[in-house]
Structure formats: structure tokens, C-alpha cells
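Just the one chain here, the form predicted alone, laid out as C-alpha cells.
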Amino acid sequence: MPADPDILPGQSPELLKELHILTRDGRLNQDSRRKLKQVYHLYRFIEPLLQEVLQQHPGIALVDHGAGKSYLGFILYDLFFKGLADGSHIYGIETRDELVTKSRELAARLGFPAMSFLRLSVAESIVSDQLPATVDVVTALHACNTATDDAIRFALAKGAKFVVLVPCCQAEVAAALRKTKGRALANPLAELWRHPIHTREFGSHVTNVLRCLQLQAHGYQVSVTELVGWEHSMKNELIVATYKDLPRRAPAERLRELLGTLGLEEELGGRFLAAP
């Protein structure tokens, strides 16, 4: 059977079968094709970042937070890391025992020795001796709600050069907006989230704006783009942050002002303004 044109050269069909992206007879169904396109598109953003790390030093330490079934980690390893012999390593962080166990078993079956899967909370991962003191790249693909913020906190604590985020299902800010709505309605801007559907949509948008400002307030250059077309996924925002040691005061002040304007400083200041 000829190779499927949607599968990148060098990609192991056995891995894709193990991830249930390919069927046992080597075919892609429509849902799997869509999922693979999303991960490949993200890979095309991450690959030049990995190359940049290698130009600075051998041995990439990449940490994938909220790894889930580790689709991203396994595909990154298969396409990029398995050709390296310099101490490069991928760490998948996940709190669900069964997913950690399955990922460990799969890495062993495939012969991917430079992959570790750790059942840790974010707080535990920051201080765990199973992870390096500093890391190069932190990723979080569709890490739900505050798990994306947890990944940012980890990245800041570990001095990550690059942070790559695809946020998902963010509800915390929307909940805080609903809680403070009564007080906020004196502000005309509160009309932006008066109605429940607007609260949800505006809260999701504001969440990512706050995340970008938080990263900028720690010296990162931030870019935001769409990951794939809206026809593939509504969880579509890609945030890529590169540490440049940029001035921090202006974004930190803007972050505090925005929280104050939206009436969220008391509710969320501890999360977005806290030191890593």
C-alpha cells in the first residue's frame, strides 16, 4: 500500500497504530486525519525552536505538561528526538495513573529510551528531582482550564527558553467574571460579559490575553496565532513565548490594570501576578 501523503516522511507507522491514529491495516479515518494534521501543524512550529536550542547547546530538555495520552510527545520524539544522541529528553507530566502507565509501556515497546512519564502535580514537578533544574521547552497541548496556567508557572520556575501553549476549556476567568458581575455592571465595559454566552466567550479570550501579559511581564516575547483552521477545531489559539529578557515593567503594569478594570484583581491576582 502506498504511503499516505498526510503522514510525514520518517514517521513510524507502528507508532501511529499504537496511538490509534492509523488502523491496523495502515489507514487513516477522518477523525484521525484531523487529529494528525493538528499535531503535525504544531510540530512545524516547534521544530525550529528545537533547532535553535541545539545551536545553543547539545541536549534538549522538553517538558510536556498535561500530557494526556502523549500524542505530541511521542510524535516529537519519533520525528526529531530519536535521531539525537546528545542527552536530549522528553518528560511527559500527567496526574492520571493509567495514562502515565500506558505511556511508559508504549515508550518501552517502541524503544524510545529518552522519554520519561511522571505522575506529578505542577507543584510537585517544580521541585521534583526527576526533572532537570532548568528546561529548554515547555509545551501544553489542549491542557484544560487552569492546566495551561500551571504549565506557565512551571516554565517560569524552570527558566524555559520557549513555551508553546494551545489552551483549552478555560473556565476560571469566566467564573470569576460571573462572581463579580453585580459589582462590575457599573462599568460600561461589563456589557461585554453581561449575557452568559458572552461571559463564556469573553472569559476565554481574556484568559489568553492575561497569559500573554503574564509571560511578557517575565521577559518573554509572545506571538499568538491560530493553530489550524476553525473547521478542524474550536480550540484554535496557539501561544508561543520566547525568553528574550525584555523589559517587564510596562506589561506588568498593564496586566495589573486589566485585572483591576475587569474587577478580577482580588479573584485572580494571585494566579497571574504571583512570582514563579
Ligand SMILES: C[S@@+](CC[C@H](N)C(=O)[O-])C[C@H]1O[C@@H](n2cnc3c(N)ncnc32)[C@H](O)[C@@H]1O
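Residue numbers run from 1 along the displayed sequence. Here, rigid core means the biggest group of C-alpha atoms that superpose within 1.5 Å across both forms. Source: prediction; values computed, not measured.
Unshown form predicted together with the named molecule; subsequent notes refer to it.
Distance criterion of 4.5 Å from any heavy atom to the named molecule in the predicted bound form singles out 99 from the list 99, 84, 175, 192. Checking 149, 94, 136, 78 against the named molecule in the predicted bound form, a heavy atom within 4.5 Å turns up for just one residue: 94. With a 4.5 Å cutoff on heavy atoms, residue 130 does not count as touching the named molecule in the predicted bound form; it lies far away. In the predicted bound form, the named molecule stays beyond 4.5 Å of every heavy atom belonging to residue 206. In the predicted bound form, the named molecule lies farther than 4.5 Å from every heavy atom of residue 89. Taking the partner from the other structure, the named molecule in the predicted bound form has a heavy atom within 4.5 Å of a heavy atom of residue 67. This chain is displayed without the named molecule, yet in the predicted bound form the stretch 117-125 from 196-204, 117-125, 102-110, 152-160 comes within 4.5 Å of it by heavy atoms. A movement of the C-alpha atom of residue 35 reaching 2 angstroms or beyond is seen between the shown form and the other one when the two forms are aligned on their rigid core.
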